[in-house]
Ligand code: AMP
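As a starting point, one isolated chain is supplied in C-alpha cells, in the form predicted alone.
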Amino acid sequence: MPLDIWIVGDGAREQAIYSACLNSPLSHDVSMKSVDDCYQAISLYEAVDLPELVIFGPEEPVCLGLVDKFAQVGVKCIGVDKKFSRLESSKLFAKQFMANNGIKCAKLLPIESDAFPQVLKFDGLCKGKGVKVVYSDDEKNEFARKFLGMRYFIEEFLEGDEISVMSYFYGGRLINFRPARDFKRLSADKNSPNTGGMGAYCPVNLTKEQQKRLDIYLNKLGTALIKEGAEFQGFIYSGLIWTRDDWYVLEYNVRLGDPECQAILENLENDFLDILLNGSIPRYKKGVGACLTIAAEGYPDTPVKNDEIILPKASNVTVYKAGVREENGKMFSNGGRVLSLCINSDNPFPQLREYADRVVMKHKYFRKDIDIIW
C-alpha cells in the first residue's frame, strides 16, 4: 500500500530524495518538513495526522534523537538512532568504535606535536567545518580559537585518493551504494576552506585491489554495527582515503552526503524507495552521475544574498534548490550553496559547467576545474 512520507530538511539533498520518492509507485503523498514541524507533530501526535514513514536528510535532527522520538509514537523512520548518531556527533566516539573493531584510521598525535601537516578534529557537530589540515602552530591556534570550549584532538595527516561510500543499514546488513567522489574545498587551492561540497560524481573507478579492500572494509563495518547492537534503518557515510595500500576511514556521517546523494541518485536506475523499504539491491544506469554546486560569492563565511536567479532551459540537467527564496514567482539566492546542477552522462562536467555559465545570478560562484578523475 503506498505510503505518506515526510522528508526532513530543506536542502538540495532533501530535494533529490523528495523527487526520488515522489516518482516511486510506493509513495502516496510526499512532503518536505522542517525540524520544527516534526517536533510540533510529535508533541501533538494524538491530534495530528502523522506520516507512515519519515526519511531524514540532515544530521542535526538525527543527532538530537528525533528518530527515537518518532519511534516512540509508532512512526517508521529511515535514520540512525541517537546512540549510533554519535559516529558523527562525537569524533571521539567514532575513534573508539574504529579501535574496538579493528577499522583502520589515522593515528592520534600528542596535542603539542609539531609534526606538520597535521589534522585538527573537534568533537561535536560543526556542520562539516570542524576539521582542518594545519601546517604550523600559528594556524593550529587560530583554528582552535574558532571552537573555544569544545574538545579536540590531533591526527596524523594522510595523503591519497578519497572516496565517499554511502551504506544503508537494513535488517542487520549493509546495502552499499557505488562509491562517489566529492570536492569539498572552495577551490583547488589546498588552503581554501572546506565548504561541505562543491561537486561530486558516481561511480569512481577502482582497481581490483582497491575494490577487494573496500569489500573487506564494508564487511568489517557491517559486522561492527551488528556487534555493537545496531537496530536502526538508516545511512552510514564512510569518508575513506587510499593510503598505505588500504582504505583508511577519515570520518563517519550518519546521513547521505551532499552533494554525493544527488550524484548517486542521478546514476541510480531502480526505485530508491524500494531499496529503503524492501532492501532491494541498487542497480545503475550507464554513464556517470554528477553534481555541480552553484554557490554565492563570499561563501562559506559571508555569502551574498538576494540575487535574482533565472534558470536556462535544458532537458538533460536536473536542478535542485538549496539556498533559494521564492517570492511572487521569482527565485532569489538565500544562502551559501544555492543550487545543485545534476546530470547522468558519459562526460558530465563540461555540460554542467556550460549550464552553470548560463544561469543568471549576479554573484554566483562555482568551481570550473572539477572533472572526473579516472
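On a predicted model such as this, the values are computed, not experimentally measured, just so you know. Residue numbers run from 1 along the displayed sequence.
Omitted here: the form predicted together with the ligand. The next part is about that form.
- Using a 4.5 angstroms limit between non-hydrogen atoms, F116 is distant from the ligand in the predicted bound form.
- In the predicted bound form, at least one heavy atom of E156 sits within 4.5 Å of a heavy atom of the ligand.
- Of the heavy atoms in V131, some are within 4.5 Å of the ligand in the predicted bound form.
- Heavy atoms of R178 never reach within 4.5 Å of the ligand in the predicted bound form, leaving it off the interface.
- Figure note: of the listed segments 295-303, 79-87, 271-279, 156-164, the one touching the ligand in the predicted bound form, with heavy atoms no more than 4.5 Å away, is 156-164.
- Residues K321, R353 and R367 are none of them found to lie within 4.5 Å of the ligand in the predicted bound form, as judged by heavy atom distances.
- The contact with the ligand in the predicted bound form, taken as any heavy atom within 4.5 Å, belongs to L250 out of L250, A144, L109, V204.
- Shown without its partner, this chain lists R213, K184, K140, K104 as candidates; in the predicted bound form, only K184 has a non-hydrogen atom within 4.5 angstroms of the ligand.
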